[in-house]
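Below, in structure tokens: the form predicted on its own, a single chain.
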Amino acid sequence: MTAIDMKICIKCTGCIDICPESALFLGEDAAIKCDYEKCISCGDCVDYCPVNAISIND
């Protein structure tokens, strides 16, 4: 499961752009959200995040 620490996230939205399944999106509260039904836990967002705000947990 993809976890986004919004205390660290700088909302650059690069993770949204790089997600191959379009699982990440900007929520109404301006926080990055994950659609877990679309997420394939590929780790692209984790590798891309410049502040290490994203992790994938089992």
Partner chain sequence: MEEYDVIVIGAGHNGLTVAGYLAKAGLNVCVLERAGFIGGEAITRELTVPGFKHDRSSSIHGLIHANPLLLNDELGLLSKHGLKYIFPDSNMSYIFPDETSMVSYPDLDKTCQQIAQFSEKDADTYRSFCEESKPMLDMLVAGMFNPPPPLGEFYAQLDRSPEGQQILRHLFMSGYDIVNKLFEHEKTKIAMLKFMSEPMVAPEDKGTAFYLYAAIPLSHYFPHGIPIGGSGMLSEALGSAIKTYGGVIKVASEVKKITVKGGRAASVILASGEEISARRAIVANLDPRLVFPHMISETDKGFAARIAEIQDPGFSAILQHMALNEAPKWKAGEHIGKSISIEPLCWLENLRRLFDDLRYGLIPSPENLAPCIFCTTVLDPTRAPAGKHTLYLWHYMPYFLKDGGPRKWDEIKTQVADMVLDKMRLHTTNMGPENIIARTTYSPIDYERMNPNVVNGSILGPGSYLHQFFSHRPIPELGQYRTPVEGLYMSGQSFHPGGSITGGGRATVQVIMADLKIDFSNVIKQ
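Remember, predicted model here, so these are calculated numbers, not experimental data. Residue numbers count along the first chain shown, from 1.
In what follows, reference is made to the form predicted together with the partner chain, a form of this protein that is not presented.
- Looking at Gly14, you'd find a heavy atom of it within 4.5 angstroms of the partner chain in the predicted bound form.
- In the predicted bound form, at least one heavy atom of Val51 sits within 4.5 Å of the partner chain.
- For Ile18, a non-hydrogen atom is located within 4.5 Å of the partner chain in the predicted bound form, even though that partner is not displayed.
- Interface membership of Ile10, defined by any non-hydrogen atom within 4.5 Å of the partner chain in the predicted bound form, is confirmed.
- Contacts between stretch 17 to 37 and the partner chain, counted in the predicted bound form as any heavy atom lying within 4.5 Å, involve Asp17, Ile18, Leu26, Gly27, Glu28, Ala30, listed in sequence order.
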